[in-house]
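The chain below stands alone and is given as structure tokens, in the form predicted on its own.
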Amino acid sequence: MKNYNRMPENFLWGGATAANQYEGGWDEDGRGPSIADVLTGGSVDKERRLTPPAPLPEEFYPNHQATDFYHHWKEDIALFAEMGFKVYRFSISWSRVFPNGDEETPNEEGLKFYDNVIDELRKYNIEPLITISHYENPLHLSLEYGGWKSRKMIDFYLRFAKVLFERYKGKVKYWLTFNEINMLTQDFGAVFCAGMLDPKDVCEQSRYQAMHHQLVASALAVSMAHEIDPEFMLGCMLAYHNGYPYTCHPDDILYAQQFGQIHNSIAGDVHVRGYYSGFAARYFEEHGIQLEVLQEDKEILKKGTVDFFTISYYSSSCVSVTKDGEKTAGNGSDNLKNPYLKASDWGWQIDATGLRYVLNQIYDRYQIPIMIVENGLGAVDQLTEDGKIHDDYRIEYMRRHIEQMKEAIHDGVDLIGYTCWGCTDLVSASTGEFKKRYGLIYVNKNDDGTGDFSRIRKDSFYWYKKVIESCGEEL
């Protein structure tokens, strides 16, 4: 008989990072520039700026060094092992493997770095979970082809994916095709997700066409992977947008439902069901979106459905048809403030109960295994005189969310893993700051460029170690 009071013994506990925010070594060993490498640093009063076709000498580009996993990978993986990680989610920098993105043959020096990382993880029995494309298109593909608005990107992506699948067959089981693909429902996604640099492409027509190309590429990659190794497990990854109705007026109830269908289900349905929903067809028609869909695309999408579903979940907000109310920040979106919730230092509302709601919503719709591959608190951490970081606020955030994960499992949700974001400090994608820290490991790097990259275990490091040791019993 199933014990609903305990997490599954084979639950995949771990942490997550992305190459563009963590790796550094941006121009070493043959790596080419990516979109992230021409994004300047930002702050609360200074937005990140895109400066193609190359970095400007007077600007600061935090992603160039990030928090330097490229030179600290052994040390960091040992720290992950000390915490007891069962899984580590990371991305492979496309431009480290194919510097321009459209070459015929890969950069062997770039691949050797990931050989070392994967072998080191396996030494500690940590399962790699690899994101193939995580907000880091090679810059050349944007400048030469216009990013993912071009269908040519599909072949470039598949060449990259095939190299990874063949090289790491037998070493890597879990793969994610694209990070937060559904961010293309928002202006934010034009550059970050699709690498489209033309301001005219910050429009629904271009964004949804780019998303269609990525969905086709994902489906083809899934089919290819299963042919190369039937043991491979391929997943999708969505930034899950949880928008509650701001009032109980029926118009707000319907608007909240449609908000979820747009921002979550259009991409999710194609990934899992293999086709666009009737809602998507109506939305495209009413918004003048005319997708170029080849006849073979329908069969490709139907064949290449994913094996599991993964999400990032940080916060929730409210939505209303009137748009009236105090605004709040969030992961790629600004909606209405919920008066019942507290917020982080950056205004992201903290809603652990919402995670249970979301997990039930996803599982009821798709009935496939789920992983939470991003969840964490961006905060200002203070280093004490004795070299400690007492981040009780982060512990409380994670504790409350893990409690709701357990409730969701009790509800019947097939939740198989949790990788907190990011297990070490890294560059914030939205603001380009080091100050906005997520890690359980402190990295001495600052927004003024100073810092020696030394690593310090935060209080949350020791707390999470106990959580993993007890499989979620000791919170």
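Numbers follow the displayed sequence, beginning with 1. Everything numeric here is computed off the predicted structure, so don't read it as measured data.
Note that the form predicted together with a small molecule isn't included here; everything after this is about it.
**Message:** Counting any heavy atom within 4.5 Å as contact, can you tell me which stretch out of 397-405, 291-299, 131-139, 251-259 lines the small molecule in the predicted complex?
**Reply:** Selected stretch: 131-139.
**Request:** Taking 4.5 Å between heavy atoms as the contact cutoff, choose which of 331, 338, 305, 150 touches the small molecule in the predicted complex.
**Result:** Spelling it out, the residue with a heavy atom inside the cut-off is 331.
**Asked** Using a 4.5 Å cut on heavy atoms, which of 61, 421, 434, 70 is close to the small molecule in the predicted complex?
**Response** Result of the distance check: 421.
**Item:** is_contact(residue 416, the small molecule) in the predicted complex, heavy atom dist at most 4.5 Å
**Value:** Output for residue 416 is no: heavy atoms all beyond 4.5 Å of the small molecule.
**Message:** Please tell me whether any heavy atom belonging to residue 157 falls inside 4.5 Å of a heavy atom of the small molecule, as the geometry stands in the predicted complex.
**Reply:** It does not: once the small molecule is placed as it appears in the predicted complex, residue 157 has no heavy atom within 4.5 Å of it.
**Message:** I'd like to know whether residue 430 contacts the small molecule in the predicted complex, with contact meaning heavy atoms within 4.5 angstroms.
**Reply:** Within the cut-off, so yes.
**Prompt:** Contact between residue 21 and the small molecule in the predicted complex at 4.5 Å, heavy atoms?
**Reply:** Close contact exists here: in the predicted complex, residue 21 approaches the small molecule to within 4.5 Å, heavy atoms only.
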